[in-house]
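The chain below stands alone and is given in structure tokens; this is the form predicted alone.
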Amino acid sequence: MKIHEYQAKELFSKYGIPMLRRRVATTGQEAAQAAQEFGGRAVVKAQIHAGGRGKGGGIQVAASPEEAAEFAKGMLGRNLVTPQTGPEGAPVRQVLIEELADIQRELYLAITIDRTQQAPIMLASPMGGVSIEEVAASNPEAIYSQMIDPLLGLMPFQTRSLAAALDLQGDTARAAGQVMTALYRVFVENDCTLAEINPLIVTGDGAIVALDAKINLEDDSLFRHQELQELRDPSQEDELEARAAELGIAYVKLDGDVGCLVNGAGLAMATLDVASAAGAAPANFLDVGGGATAELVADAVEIILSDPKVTRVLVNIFGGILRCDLAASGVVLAYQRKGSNLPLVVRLLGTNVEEGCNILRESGLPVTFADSLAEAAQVIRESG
């Protein structure tokens, strides 16, 4: 789960990470009042769950409260398009008004998970303020890292090493080390998958300040953080993914036209792989789960049928806890609710498979049955 910059900064502040003065505004008047409070000049930053805001006009420096109000009005209530949003953009419902900073240097600092080493890794670079992906592509030697032992945590020698790599000295290096330690606490104590400051600035008097803040949270750990769940902003998520999340369904929208209904994450991945190998483009990843009811299956299929790109549906169910007859009943119910007549390719195996097939045969839906996943994928390809 992603959260907004202003929310991430509130969390950072609780851990002692230095911040500039800031206020959230939802109207031009509030933006002007905040700018006036900060001395008349301020930065107006659109709040969306995507990077590259500056390239899309979502970060503006206002020279007066009136200009801050004008910039805010130009952002609020509209969709901001950035390199990370796609052509549809993301809706702006709040702007962050922040005082200006005395920037001498822009650095990059982040913690994420190294999947290969199965451990947190801290990344730092003297080339802050730009996309880290661009730095990795054009100047990878400018990215420094320290692998963190989950049992020992971030050690002082590691923060000193990164500070030295960033060419920081004296009090500035010590302040940077304190920020690194605090960022690691944020990452661990809140079950983050990413905690990032880009840029982390050095001011004219050598102070270290987080000018930006980005946090991604592990969805599977949110049950431990009720206060963080409340930070969710469904307006920033894909509508179908948001509906699925509310129902507890694992759903990710993709770019294809074959809607996929599967139970089990491993089986879902295999289904996508086999369908893609056969030349069919999946429209989604969807794992309805092993303990789903017929009603939940119906909800899942309705989400699939709500995607305007979907032209046919592939059902691949291995009946265990989720019996095949329950899955079939859910599929039929969803088609009836939506009034859909999209072609169905169905592969059922396991508990009550005959009962499930009979339910689908008698439903009047355009069903083609397959005995194997490979056969199902072939039928889907030929129907495209």
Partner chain sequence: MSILVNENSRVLVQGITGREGSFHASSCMAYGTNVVAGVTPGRGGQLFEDRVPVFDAVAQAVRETQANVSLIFVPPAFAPDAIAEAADALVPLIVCITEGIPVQDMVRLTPYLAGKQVRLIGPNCPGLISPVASCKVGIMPGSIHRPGRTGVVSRSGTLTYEAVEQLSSLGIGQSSCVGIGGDPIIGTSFVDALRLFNDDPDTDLVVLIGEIGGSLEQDAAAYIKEGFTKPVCALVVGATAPPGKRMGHAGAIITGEDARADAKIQALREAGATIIPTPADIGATAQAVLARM
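None of these values were measured; they are calculated from a predicted model. Whichever C-alpha set is largest while still superposing within 1.5 Å between the two forms counts as the rigid core. Residue numbers count along the first chain shown, from 1.
Beyond the structure shown, there is the form predicted in complex with its partner chain, which is absent from this document and is the topic of what follows.
Pick the stretch from 206 to 214, 122 to 130, 170 to 178, 246 to 254 whose residues have a heavy atom within 4.5 Å of its partner chain in the model of the complex.
Partner-contacting stretch among the options: 246 to 254.
Contact between residue 220 and its partner chain in the model of the complex at 4.5 Å, heavy atoms?
Yes.
At 4.5 Å between heavy atoms, is residue 201 in contact with its partner chain in the model of the complex?
The answer is no: residue 201 has no heavy atom within 4.5 Å of its partner chain.
Answer with yes or no whether residue 277 is in contact with its partner chain in the model of the complex, where contact means some heavy atom within 4.5 Å.
Answer yes; at least one heavy atom of residue 277 falls within 4.5 Å of its partner chain in the model of the complex.
Taking its partner chain as it sits in the model of the complex, is residue 224 near enough to touch it, meaning that at least one heavy atom pair lies within 4.5 angstroms?
Taking the distances in the model of the complex, the answer for residue 224 is yes, it comes within 4.5 Å of its partner chain.
Report the residue, out of 103, 147, 270, 136, that has at least one non-hydrogen atom within 4.5 angstroms of its partner chain in the model of the complex.
Filtering the options by heavy-atom distance leaves 270.
Which of these residues, 260, 166, 183, 192, gets a heavy atom within 4.5 Å of its partner chain in the model of the complex?
The option sitting close enough to the partner is 192.
Heavy atom within 4.5 Å of its partner chain in the model of the complex: which residues of 93 to 125 meet that condition, in order?
In sequence order, 113, 115, 116, 118, 119, 120 come within 4.5 Å of the partner.
When the two forms are laid on each other by their rigid core, does residue 266 show a Cα shift of 2 Å or more between this form and the one not shown?
For residue 266, whose C-alpha is compared between this form and the one not shown after core superposition, the shift is 2 Å or more.
So, superposing on the core, is the move of residue 38 at the CA at least 2 angstroms between this form and the one not shown?
Superposed on the core, residue 38 moves its C-alpha less than 2 Å between this form and the one not shown.
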